[in-house]
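Only one chain comes next, encoded as structure tokens, the form predicted on its own.
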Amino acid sequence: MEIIHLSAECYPVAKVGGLGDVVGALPKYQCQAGHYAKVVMPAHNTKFMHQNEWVNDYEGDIWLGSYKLHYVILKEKTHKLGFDLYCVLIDGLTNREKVYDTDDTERFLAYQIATLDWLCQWQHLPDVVHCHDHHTALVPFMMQYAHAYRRLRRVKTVFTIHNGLYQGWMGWDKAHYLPAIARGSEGLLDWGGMINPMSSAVRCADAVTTVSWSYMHELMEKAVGLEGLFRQEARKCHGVLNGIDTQIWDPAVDTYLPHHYSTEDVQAGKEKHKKEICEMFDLNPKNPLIVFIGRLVAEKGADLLAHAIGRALHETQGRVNFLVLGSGADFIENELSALKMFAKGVYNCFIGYNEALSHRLYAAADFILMPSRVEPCGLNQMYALRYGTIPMVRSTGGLQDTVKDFGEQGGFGIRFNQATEDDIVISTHRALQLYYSQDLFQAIRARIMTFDHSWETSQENYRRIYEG
């Protein structure tokens, strides 16, 4: 089966969040399962683009409204990612350092149109075009109703929602950017008087997936106005839990780690990493270490962190360490940075994105905190489990699908119901209780490293959807 993945992100080419990790892994595992998976993405101006070899696979011209644009399809020469990677270069439009910018409507429309123009030139047709998030969401509509792409109408389309909060809304004044479409099809673009790419994809794609079972049900109740649409289209909607790339995320072989470990020596291995990280950030290595890794935005509950951590440190009398890695909203970054003045020796933060440091934190931490208001799937908790780090998560989306509270039979994590300071503080007390119950703590830590969250199961679920 030939599968074409369309996405704005793909690790390690360009990554902002979990979307990049998924699109960098799923096609590789599909290829290993015997399929022919490819990724087509914008040619962002990133280190990967400059440090690798490319060939011009195709060139053409498209129209974006009244603007004629020349595009080049670049192909990565070495197949180093385990799948064929293609990047759409439109000079001055797609080749930006930022994956997302102020003119995303024009950038991603041009990218989608160029991709379809190129696919129409193929002598054969792929079996599936798999679109990821709103940046590619107009593709199913255009494949069905744009006159220029009639040849693609019989190709199956799948649309995966990684985050339903961002739907790509645009005014009808941008409609002239689209190629000529069939008369009467405009209604499939409209939602509430605007063009809504996500709503269009939900209606036009052959199948719609979200990245966890619970998140699909949540979208039917809360989806920024699309709740009724998801209920209406429920027959073709599926929840497919993301996997993680266990060839990268494995403490026994992780190239970012100075010390490797497995289930056989998890306690000693993690203690080495914890000692080094505590020295690096001036923390007490005798305390349990709780980390937060991610975007510092309200969606992740990061606006709660500074006050909740301050309270937790006060109530526990400094018997726990907190370490935050991330970047995002200025006011959250400022609050977290200011807290360092009042909690020396038990709290620190690193403001910014650092892939290598994130791997070391998963290895060093005793617990990872995820107080998310919205978490469609969540990969951090799966990475944490793989590294023997116990998740402290809010019960939402994929977090409640992958973490069972240690107070329940067979449980191994800490779950709380509300994204509030109180719930974070209470969960910190529970983490301390578990940490000082060392026999139970060590048993859980070794067991969670054996959990299978690899892509093999997920890619098989996608295969069934493609063939359904």
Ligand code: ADP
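From a predicted model like this one, the values you see are computed outputs, not experimental measurements. Residue indices: 1-based, along the sequence shown.
Missing here is the form predicted in complex with ligand ADP; even so, the following discussion is about that form.
Asks: Using a 4.5 Å heavy atom cut-off, which of 187 to 195, 260 to 268, 294 to 302, 103 to 111 contacts ligand ADP in the predicted complex?
Replies: Every other range fails; the passing one is 294 to 302.
Asks: Check whether residue 358 has any heavy atom within 4.5 Å of a heavy atom of ligand ADP in the predicted complex, and answer yes or no.
Replies: Yes, residue 358 lies within 4.5 Å of ligand ADP in the predicted complex.
Asks: Can you work out whether residue 287 and ligand ADP are in contact in the predicted complex, taking contact to mean some heavy atom pair no more than 4.5 Å apart?
Replies: Output for residue 287 is no: heavy atoms all beyond 4.5 Å of ligand ADP.
Asks: Is there a heavy atom of residue 12 no more than 4.5 Å from a heavy atom of ligand ADP in the predicted complex?
Replies: Residue 12: no, not in contact with ligand ADP in the predicted complex.
Asks: Going by a heavy atom distance of 4.5 Å, is residue 18 a contact of ligand ADP in the predicted complex?
Replies: Flag for residue 18 set to yes.
Asks: Note which of 167, 209, 136, 380 lies within 4.5 Å of ligand ADP in the predicted complex, where distance is taken over heavy atoms; exactly one does.
Replies: That would be 380.
Asks: Here the chain is shown alone; which of 352, 171, 225, 345 has a heavy atom within 4.5 Å of ligand ADP in the predicted complex?
Replies: Comparing distances to ligand ADP in the predicted complex, the residue within 4.5 Å is 352.
Asks: Who in 361 to 376 is close to ligand ADP in the predicted complex, meaning a heavy atom within 4.5 Å?
Replies: In sequence order, 362, 375 come within 4.5 Å of the partner.
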